[in-house]
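Below you'll find only one chain, the form predicted on its own, shown as structure tokens.
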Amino acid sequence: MMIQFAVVLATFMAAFRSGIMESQVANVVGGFQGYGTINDTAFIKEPFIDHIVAYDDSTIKYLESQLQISAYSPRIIGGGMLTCGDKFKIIRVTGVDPYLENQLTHLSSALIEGRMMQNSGEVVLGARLAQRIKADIDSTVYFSGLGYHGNSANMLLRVVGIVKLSNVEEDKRLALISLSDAREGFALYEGVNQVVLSFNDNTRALETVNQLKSTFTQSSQLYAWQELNEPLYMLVAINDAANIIISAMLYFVISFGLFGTILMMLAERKREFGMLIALGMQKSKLGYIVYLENTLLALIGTALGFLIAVPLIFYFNEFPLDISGQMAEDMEKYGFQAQLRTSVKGIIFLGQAMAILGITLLFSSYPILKIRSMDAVKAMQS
């Protein structure tokens, strides 16, 4: 029972800790920012429309030839003021190819009203931005800002869709127009500000980007999300370090429980062991029999604990716990989703179960030492 409880507790806690950070990274990075980008080095510190990179046939051919890249989307990004009636907000208008953008961010699944852009002069807004400027489907909005090389950017747009992003900060400033409208509106007819990337294995984004840099002609302009969002990367690193400390503390507590269970078993069976030794059984053989018993119990307990933990973890991955109140507001303020979700990575299940099994087998060697030094007469008298 103790082993089952230890496996369930360790696995469940590890899945929650890992899942919370995974979901937050996916929310902030995977929602719209992207796991990798091609952009001018100056664009990182100063995201101005004047900082551009080439987006031509050779770039497209390179991106489509790399098996590690699952999707990409070119973007033109310009800042300015969006007005609807007497309401306005300072935002960033992003010009995208609707098809490529949907392949990357699956924005069509985040639509709560309307559709994605199909024709010239159409815009899709974030739900919180639309609420802020009181814009609905078919509302006319006016954007005025600064275009490429100081040109004036003025666009009259019709709202055709409203999406709701889990990343609150992006949702507050999301205004999407077509790439062709952005080129005309911002007078940027060559290149783009960013090409946002997604990979087949986004958990290895930094490693994948480093591999791509060796073949990309403008390697200094290729970045992983860890290089673009250092605060989030540091948060992930701190979380990983905290997980190690918390896991060590948890294993320490579990070890006491397991060792106490083994000591209790020895105390209860001391008379039995003494009688077996007195009848002529070798102490070494008795010790190994007891070790085998503990091993079988450990295997059965670990397997049962594993079977109990797996359905719980998958359930809370599919149906995460919603956070409410001040804590939810604080999380949303930093662009995080106010939910607690478990991770379903296989390493979590196997890692925790194997760790508990290893601790149990380690402590199971203690009865061998105890039996070797056992006095049969004293044991029978106890």
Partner chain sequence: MNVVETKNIEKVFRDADLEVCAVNDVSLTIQEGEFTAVVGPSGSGKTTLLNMIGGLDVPTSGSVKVASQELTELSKNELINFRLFNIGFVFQSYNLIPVLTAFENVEFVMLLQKISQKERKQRVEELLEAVGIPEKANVRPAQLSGGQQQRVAVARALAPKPAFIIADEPTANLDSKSTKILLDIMQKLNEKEGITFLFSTHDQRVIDRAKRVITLTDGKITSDQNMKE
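Owing to the predicted nature of the structure, the values given are computational and were not obtained by experimental measurement. Residue numbers count along the first chain shown, from 1.
Quick note: we don't show the form predicted together with the partner chain, though the next part is all about it.
Just one listed stretch, out of 249-257, 306-314, 208-216, 265-273, contacts the partner chain in the predicted bound form at the 4.5 Å heavy atom level, and that stretch is 265-273. With the partner omitted here, the residue from Val159, Ile277, Leu228, Ala71 that has a non-hydrogen atom within 4.5 angstroms of the partner chain in the predicted bound form is Ile277.
Contact check for Gln282: a heavy atom falls within 4.5 Å of the partner chain in the predicted bound form.
Contact residues in stretch 40-57 (any heavy atom within 4.5 Å of the partner chain, taken in the predicted bound form) are absent; none meets the cut-off.
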